[in-house]
Structure formats: structure tokens, C-alpha cells
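Before any questions on binding or motion, here is one chain by itself as C-alpha cells, the form predicted alone.
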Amino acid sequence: MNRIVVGAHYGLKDWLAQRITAIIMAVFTVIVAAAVLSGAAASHEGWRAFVGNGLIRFLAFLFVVSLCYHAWIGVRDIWMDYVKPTAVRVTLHVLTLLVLVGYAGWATQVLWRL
């Protein structure tokens, strides 16, 4: 029997990436919620000032990248688990990747336009 042994840590990297990206997204969400609840982003000018801060822009960019990577891992695993024909699965992988890269680029463009 030709069985491929992948080791005890198979999937650990993806599991860890999911947790780290989730923490990054949660922290940024709390920061934005605190700004909104404190009134710092109550007006359009206040929001622009908040988002115009270099640190907030960097954190927002980190949020977008984390969101896209988090989504990639989750959707990729769905395709791997439930789509059996290889050609269809690879096509879905490529389309998902292209959409997520497009979303990340679009979000970055929006962030740096403010």
C-alpha cells in the first residue's frame, strides 16, 4: 500500500493563520467601534480625520489583507472538501484568488484615496 504520510502538523499553518487573522480583524473592529462610539468619527470630517491617521490606515490595510487571507483559507478548504473534479476545483481556486486579490486592491485604493 502506497500511503503518503504528511506528518502530525499538517494543516497547522492554516489553522494558525486563521486564528491570527481573526485576532487582527477583531482588534481593528474594536478600534473602529470605539472611535464610532466615542464620537470621534461622528461626522464626515471626523471620520476622514480618523481614517486619515497613518496608523489607522496601516491597521485598515492590515485588516483588509487579513480578511482576504482568512477568506482564502476558508473558501479554499470548502472547494477542497466538496468539489471533487480536479479541473472544476482548480478553476474555482483561481477565480476565488483573483476575486480576493481584486477586492484587496480595490479596498487599498479606497483607503489611500481618503
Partner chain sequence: MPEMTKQRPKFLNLAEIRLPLAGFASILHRVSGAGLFLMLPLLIWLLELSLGTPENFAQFKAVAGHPLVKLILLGLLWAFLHHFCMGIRILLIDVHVGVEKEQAAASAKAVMVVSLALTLVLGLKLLGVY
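Everything numeric here is computed off the predicted structure, so don't read it as measured data. Numbering follows the first chain given and starts at 1.
Although not depicted, the form predicted together with the partner chain is the subject of the following passage.
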Query raised in the report: Does the 4.5 Å heavy atom contact test between Ile23 and the partner chain in the model of the complex come out positive?
Result: yes
Query raised in the report: Quick one: does Thr29 come within 4.5 Å of the partner chain in the model of the complex, counting heavy atoms only?
Result: yes
Query raised in the report: Though only this chain appears here, would Arg19 touch the partner chain in the model of the complex if you measure heavy atom gaps against 4.5 Å?
Result: yes
Report task. Give a yes/no on whether His70 approaches the partner chain to within 4.5 Å in the model of the complex, heavy atoms considered. Result -> yes
Requested in this report: Could you run down 42-68 and flag each residue that has a heavy atom within 4.5 Å of the partner chain in the model of the complex?
Outcome: His44, Trp47, Arg48, Val51, Leu67
